[in-house]
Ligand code: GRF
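Shown here is one chain on its own, the form predicted alone, set out as structure tokens.
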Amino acid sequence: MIGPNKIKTAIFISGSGTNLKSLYKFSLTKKSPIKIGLVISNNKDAKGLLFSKKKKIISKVFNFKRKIIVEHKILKELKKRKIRLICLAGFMKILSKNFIKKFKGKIINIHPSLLPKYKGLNTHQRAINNSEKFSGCTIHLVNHKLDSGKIILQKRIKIHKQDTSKSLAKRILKEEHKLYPKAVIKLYC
């Protein structure tokens, strides 16, 4: 079922894990170049961990209070499991320059805005507050500057007059689930 040449991938999560679920479903398809070999979270209560447990994906939770030590442990875990790609999927911690350098060009992230606009948090509310006509999501390579890496793909959606940050977030999340697999294909196929 899983080809020997698939790229062993780790998914980093902090919350519900909906993009993890989307990437997992995608990884089981013939056209997918990835196999999910590990899930890492900074939050022991992340709902996504229940999904990874159900699907028997090895999961590890790390407390980021001592970032340098934790990142060293994560790098050892990634090496041990022969991980060649990291997909950040709602991972709410910023990785250090050193960590990113060790995985240069092999870490991708999904961000809920049309970068370079609205880096960081509260993207939907900021777009609404600025009367933007469109928002969306971006998949990009991770570099040492927050939400500034090379853009792989973007999906634009219209902001409706009645949109709240919650309703906009919900619609954008649906697009994220479609866009992440497309970005992986674009990078690796």
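It should be emphasised that the depicted structure is a prediction, and the values quoted were computed from it without experimental measurement. Start at 1 and count along the sequence shown; that's the residue number.
The same protein also has a form predicted together with the named molecule, omitted here; what follows describes it.
Contact check for S135, I159 and L168: none of the three has a heavy atom within 4.5 Å of the named molecule in the predicted bound form. Shown alone here, P181 lies farther than 4.5 Å from the named molecule in the predicted bound form, counting heavy atoms only.
Remark: T9 does not count among the residues lining the named molecule in the predicted bound form, judged by a heavy atom distance of 4.5 Å or less. Contact residues in stretch 159-189 (any heavy atom within 4.5 Å of the named molecule, taken in the predicted bound form) are L173, E176.
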